[in-house]
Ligand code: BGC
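A single chain comes next, written as structure tokens; it is the form predicted alone.
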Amino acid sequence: MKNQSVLKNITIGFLLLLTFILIATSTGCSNQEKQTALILYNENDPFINTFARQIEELISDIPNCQLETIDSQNSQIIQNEQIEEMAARKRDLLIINPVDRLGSYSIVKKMKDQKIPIIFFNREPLIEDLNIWDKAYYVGARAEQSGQLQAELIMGLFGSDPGQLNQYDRNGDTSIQVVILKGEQGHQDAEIRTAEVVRAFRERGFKLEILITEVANWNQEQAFEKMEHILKTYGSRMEVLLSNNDAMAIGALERMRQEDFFHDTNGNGRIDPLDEDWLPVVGIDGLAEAVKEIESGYLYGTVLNDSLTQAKAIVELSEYILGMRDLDGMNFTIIDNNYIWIDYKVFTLD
């Protein structure tokens, strides 16, 4: 009997120990490491490269969260394969900068089936694609706002009165002669930025003559090359150069300097709007190199696509999705269940 009692006590003790281990293991699962993938359309894009580094740095401060960054090399086929691989590896969250926004439908549908949440950024999917699933989100800025702010910047420079332009109307015809460098043909942001900047001028009563709209695919080198023809054909008539992004604006400035544009005619030791032959060039994004061009006087201004604030929103949203932050504790508001919007901001030397 005594041996049976000892055996019974040992069995009970073993069962208690086993229960304790199971409870501890179960509790540990709630704190287990979360696996996240950041999938970029093209890491060679200067804006996206900066954006990615900001996301990486902010996520590195989150305990128990690992981030893998993947470059899709501007190929939707490659990106689709990468997303399939991340899904197969049971990632807890995908943060996707899509190559083609129209390819988002299949991505959302597949991730809904596999119950993997998605945050899209920089290239906005169609609203009907996001609405497929309540765990598909978009963080970004409204493209129309960037075009509007570009127009406001130039309208202010020309005196704000469409009937009486100032000295920047070089030929005195009360019309602004504009060259536009467009991003990618058919790309949502490029189309909206281009259309909206024109609409904003005309809505305010400003006469606008578009000398040429040239596609340079967001690329600095392409803008540099295409500006050779633009300057030869329209250089003497151009009064403003508007670029869909900073990279193309910087490429344009490189060509303009090479073609002997910009001179310190007032002798104050720098290039600025007071020089007689100065010409306003405006970009969008707020790249560090663009800020240097603004400080040196060549670039009049840019419209800041606030990637740092967007990165903060993406990381906070990630914490919420992964169960690390309450909705009430977020600094950013989710609009219509799917969106976090970050405003553009004008950036000039002033």
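The shown structure was predicted, so the numbers you read here are calculated from the model rather than taken from an experiment. Throughout, we count residues from 1 along the sequence that is shown.
One more form of this protein should be noted, the form predicted in complex with beta-D-glucopyranose (BGC), which is absent from this view; the next part is about it.
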query	finding
Location of beta-D-glucopyranose (BGC) contact in the predicted bound form, chosen stretch of 165-173, 71-79, 257-265, 118-126 [non-hydrogen atom, 4.5 Å]	118-126
Contact label in the predicted bound form: residue 321 to beta-D-glucopyranose (BGC), heavy atom within 4.5 Å	no
Close approach of residue 48 to beta-D-glucopyranose (BGC) in the predicted bound form, 4.5 Å, heavy atom	yes
beta-D-glucopyranose (BGC) contact in the predicted bound form: residue 201, any heavy atom under 4.5 Å	no
Proximity of residue 150 to beta-D-glucopyranose (BGC) in the predicted bound form, heavy atoms at 4.5 Å	no
Interface residue in the predicted bound form among 226, 182, 187, 91, criterion: non-hydrogen atom within 4.5 angstroms of beta-D-glucopyranose (BGC)	187
Residues in 210-230 close to beta-D-glucopyranose (BGC) in the predicted bound form, defined by a heavy atom within 4.5 Å, in order	218
